[in-house]
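Read the single chain below, which is given as structure tokens and is the form predicted alone.
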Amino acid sequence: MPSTDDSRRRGSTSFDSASEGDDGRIHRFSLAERIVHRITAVLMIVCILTAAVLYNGSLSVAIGHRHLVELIHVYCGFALPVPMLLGAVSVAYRADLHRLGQFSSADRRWLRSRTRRDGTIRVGKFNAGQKLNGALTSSSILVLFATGIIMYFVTLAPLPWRTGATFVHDWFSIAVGLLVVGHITFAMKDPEARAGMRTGWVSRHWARREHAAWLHEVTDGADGDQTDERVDS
């Protein structure tokens, strides 16, 4: 706990107890956000694995139970948007959705830079890559959900529509699979980011290096840096 002298020095810039722990670690994700992420990840991985079985003849023969695999794929696919919709009840979740939907001048510099991870470009809570990944993944889920409905409920649309929906569904499935592989690859390279999603907390050192503008925001400027993230209107 900070001393009395420390508190007096900080004055109006005292930390929000929900943002910083007693050990100096910074709160990054709420419980609701972590639950939504985990459930969505499980559903997505099950959909990818079952899709691989359904579309690969050798795998389908080796595993068998094609009808059961198809049912698992369909119901997990229909369930994919549910965690995100339920997560909207959480204020923290809605706030982060807003963050993910905003691109700043720093984000554009981050995308153009070849040294984007050296800390010279001050990043908010999410970097531009994470924002793009979030936009592509969420929009792909909606497309897969809509085309899946057309494919599964055959009386809803004529045959040409179902044929087109199958084509779109297949290609978006491949794209989502690549996005998930990329997401996991980057996550495996950053243990601190994984810890943040697993426990909700990250170290101050990591936050200053990877998301300095966000650290400045959650500590009310007490970290000593000036934010460089300006969202364009």
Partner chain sequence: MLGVLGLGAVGIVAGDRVSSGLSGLLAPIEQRDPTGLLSLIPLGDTFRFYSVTGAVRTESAATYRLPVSGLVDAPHTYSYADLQALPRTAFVQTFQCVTGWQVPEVHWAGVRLAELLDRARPSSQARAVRFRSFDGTYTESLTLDEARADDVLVALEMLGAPVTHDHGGPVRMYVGSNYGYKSTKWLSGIELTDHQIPGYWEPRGYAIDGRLPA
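As the structure is a prediction and not an experimental result, all values here were calculated from the model. Residue numbers count along the first chain shown, from 1.
Below, we refer to the form predicted in complex with its partner chain, which is not included among the displayed structures.
**Q** Would residue 60 sit within 4.5 Å of its partner chain in the predicted complex, counting heavy atoms only?
**A** Yes, residue 60 is a contact residue.
**Q** Does its partner chain come within 4.5 Å of any heavy atom of residue 74 in the predicted complex?
**A** Residue 74: no, not in contact with its partner chain in the predicted complex.
**Q** Is residue 161 near its partner chain? Define near as a heavy atom within 4.5 Å, in the predicted complex.
**A** Looking in the predicted complex, residue contacts with its partner chain include residue 161, since a heavy atom lies within 4.5 Å.
**Q** Closest heavy atom of residue 91 to its partner chain in the predicted complex, within 4.5 Å or not?
**A** Contact with its partner chain, no.
**Q** Identify whether its partner chain in the predicted complex is within 4.5 Å of every residue in the set 136, 150 and 165, based on non-hydrogen atoms.
**A** Checked in the predicted complex: all three residues contact its partner chain.
**Q** Going by heavy atom distances of 4.5 angstroms or less, which of 156, 95, 86, 142 would be at the interface with its partner chain in the predicted complex?
**A** Result of the distance check: 142.
**Q** Let me know the one among 204, 38, 194, 65 whose heavy atoms come within 4.5 Å of its partner chain in the predicted complex, would you?
**A** Contact check passes for 65.
**Q** Would you point out which of 66-74, 182-190, 40-48, 26-34 contains residues with a non-hydrogen atom within 4.5 Å of its partner chain in the predicted complex?
**A** That would be stretch 66-74.
**Q** Though the partner is not shown here, which residues of 170-209 have a heavy atom within 4.5 Å of its partner chain in the predicted complex?
**A** 170, 171, 172, 174 sit within 4.5 Å of the partner.
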